[in-house]
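The form predicted alone is given below as one chain in C-alpha cells.
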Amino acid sequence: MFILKSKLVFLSIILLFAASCKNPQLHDKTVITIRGSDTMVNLSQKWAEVYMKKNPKVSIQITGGGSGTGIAALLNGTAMLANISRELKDGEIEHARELNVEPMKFRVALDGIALIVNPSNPIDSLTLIQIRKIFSGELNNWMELGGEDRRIVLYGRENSSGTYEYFRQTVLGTANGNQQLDFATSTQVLQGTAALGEAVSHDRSGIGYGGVGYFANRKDLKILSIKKDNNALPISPIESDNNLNYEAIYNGDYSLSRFLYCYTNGTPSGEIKEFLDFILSEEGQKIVAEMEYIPLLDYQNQL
C-alpha cells in the first residue's frame, strides 16, 4: 500500500511538472501570440524584441503565414493579435461575429508596395496599366516594354497573403462587367516576401512585388518607379539614398501604398493593450522607420 501511494505521489509530481512546462503563467510569463502577415513579420519581431527587454515577464510569439492565416487564428482563438496587411472584408467580419469574435482594428504603420526586377533589367519604370497587363498575362515579353527580348517571369504571393489580395484588387482590378481579373496562371507562387525577393534577384527575366521595406537596401534587386499613366512622372517608393520616399507615399503620389493593421478580439486589455500602446508610441513608431516601413503620419510630423 505504501509503495502504491509513493508511486501515486511521484506520478502527481511528474504531471504537475509537465503542466508547469506547458503553462508559461506558472513561470511568471505572460504569453502574447501573434500570427498573420508575412509583410509584418520583421517589424513585429523587432517590436517584440524591444518590448520584451523592457518587460521580461512577457513572452511574445510571432509566426507568419499570411494575413488569411492571421484572420483564421484570431477566429479560432490561437492568436491574440492578428497581423493583417489589409482591412477585413465585410463577409469576414460577419463570419467572425457568427463565431462570437468581434474584430477590432488598429492601424500600426504604412507600407509601400514595391515592384522589383533583377538589376540587369534595363527597365526603370512602368505604368499601372503596364503592370496590370504584365501580371494578368497580357504582356509576356520584356521587349514589348522597351526591354530585352526575354520572356517575363512572374513571381507572386500565395492567395492567403494580404499583399496578394491588395495587389489583385488595386492593380489587376476588374474588367468585362466588373469581373475581377486574376493573376496569370504562369505566376510562380512563393511563400513569403523574402523568398520572392530571392527568386527575382537570381532571375534576369523576373518581376515580383512586396513590401518595400524588404527590398530598400538590397543591391541585388531594382525597385521600379511607377507612373499613374503615360503622361505622369515616374514616382519611386525610395529616394536616391535608398531611404523611403515618405512624402510620396503619404500624399498618394506613389500609387501603391496601404496601412498595416493589428486586429484583436474585442477591446484589448492587460498586456495586449500595453503592447499595442507601445507599438503606437513614439518609440514604437521610431522602430517602424528604422525597419524601413512608414510610421503613422502623427509620428512622422514629429521627426
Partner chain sequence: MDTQSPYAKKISKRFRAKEKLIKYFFFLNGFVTVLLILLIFLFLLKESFAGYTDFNLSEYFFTEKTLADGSTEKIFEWFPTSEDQRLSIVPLILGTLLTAIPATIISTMLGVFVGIYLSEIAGSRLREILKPIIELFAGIPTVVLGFFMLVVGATYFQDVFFTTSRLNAILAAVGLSFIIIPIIATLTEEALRSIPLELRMASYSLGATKWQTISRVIIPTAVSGISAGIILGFGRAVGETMIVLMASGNAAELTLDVFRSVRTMTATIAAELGEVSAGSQHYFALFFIGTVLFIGTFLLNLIAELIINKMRKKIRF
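Numbering follows the first chain given and starts at 1. Because the structure is a prediction, the values reported are computed rather than measured.
Quick note: we don't show the form predicted in complex with its partner chain, though the next part is all about it.
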query: Location of its partner chain contact in the model of the complex, chosen stretch of 81-89, 106-114, 151-159, 216-224 [non-hydrogen atom, 4.5 Å]; finding: 151-159
query: Site test, Ser120, Asp124 and Glu138 vs its partner chain in the model of the complex, non-hydrogen atom cutoff 4.5 Å; finding: no
query: In the model of the complex, Tyr209 touching its partner chain (heavy atom, 4.5 Å); finding: no
query: Any non-hydrogen atom of Asp182 within 4.5 angstroms of its partner chain in the model of the complex; finding: yes
query: Lys133 within 4.5 Å of its partner chain in the model of the complex, heavy atoms; finding: no
query: 4.5 angstroms heavy atom contact with its partner chain in the model of the complex for Leu190; finding: yes
query: Heavy atom within 4.5 Å of its partner chain in the model of the complex - the one residue of Ala232, Ala199, Met143, Leu99 that qualifies; finding: Ala199
query: Relative Cα spacing, Tyr209 and Arg35, in the model of the complex - shift of 3 Å or more; finding: farther
query: Direction of Cα pair change Val41-Ala195 in the model of the complex, magnitude 3 angstroms or more; finding: farther
